[in-house]
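Let's start with one chain on its own, the form predicted alone, as structure tokens.
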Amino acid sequence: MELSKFKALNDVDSVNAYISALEAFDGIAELQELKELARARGGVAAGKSILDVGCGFGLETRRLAEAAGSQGKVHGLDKSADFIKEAQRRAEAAGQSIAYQTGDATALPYGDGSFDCVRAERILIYLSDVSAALSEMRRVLKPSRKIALIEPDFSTNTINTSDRALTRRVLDHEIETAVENSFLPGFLKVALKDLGFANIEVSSRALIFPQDLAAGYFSSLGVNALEAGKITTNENEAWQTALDELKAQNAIFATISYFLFTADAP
């Protein structure tokens, strides 16, 4: 599975592998801490109107709906029609009323001042025009209401393989190709301030990959680097062997840092 595919999920044959990977990633304790903090600082509460931009198949959207309760109103928007279909299926199975639809984060299909809370997670990194998306989120927020953004810094990707030079080349290729904005958190605070947002708060967590997820993800990075000519066949074989040995010992230690930004709309 390639993270770059998240930029165009409507073009993949099946999203099932992406759903499984996202469910595994969602279970990481440190990410759940950030999500909980995002709900608290992002103004999520009973009776609120909430928009989840880049909602995927609704893992967090359903939690937002639980918090908003029967008096609240929750919308989820995603570019992937397959994700939206799965999100609707899960919401219906759980008896939840969530307004899902496909759409573009840079042209939100909602009126000005429609929501008390707008949140987005791992969506801005895939966009070529982050400012347009942030401007749209500001537009659909009611005055002085809350935005919450959770995004990773890909330069913080780490794994405990012993050949550090090889590791750096594999990870550098991931930084350069996986997403549009590998270092996004470093610019978000200024971007929010420039758009007039106030009371900007930043928190972070270093996420620790589960063994299986780490093994699969970092294995794919070696293959991607090989196909791009960044490493040789022998180096990829050494990379895969190192991962297999660590996995056999339940000893993979891989991390990435995620950042939460919350702020008040103008």
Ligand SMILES: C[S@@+](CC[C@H](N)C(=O)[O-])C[C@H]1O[C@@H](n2cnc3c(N)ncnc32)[C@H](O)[C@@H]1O
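Just count from 1 along the sequence shown to find any residue number. Values in this document were obtained by computation on a predicted structure and should not be read as measured data.
Omitted here: the form predicted in complex with this ligand. The next part is about that form.
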Inset, instruction - Decide if the three candidate residues 56, 103 and 123 all line this ligand in the model of the complex, where lining means a heavy atom within 4.5 Å. - result: yes
Legend entry - Per-stretch contact check against this ligand in the model of the complex, the hit in 47-55, 223-231, 196-204, 210-218 (non-hydrogen atom, 4.5 angstroms): 47-55
Legend entry - Proximity of residue 83 to this ligand in the model of the complex, heavy atoms at 4.5 Å: yes
Inset, instruction - Please run the contact check for residue 73 against this ligand in the model of the complex: heavy atoms, 4.5 angstroms, yes or no? - result: no
Inset, instruction - Find out whether any non-hydrogen atom of residue 77 is located within 4.5 angstroms of this ligand in the model of the complex, and reply yes or no. - result: yes
Legend entry - this ligand contact in the model of the complex: residue 134, any heavy atom under 4.5 Å: no
Legend entry - The unique member of 127, 192, 170, 159 whose heavy atoms fall within 4.5 Å of this ligand in the model of the complex: 127
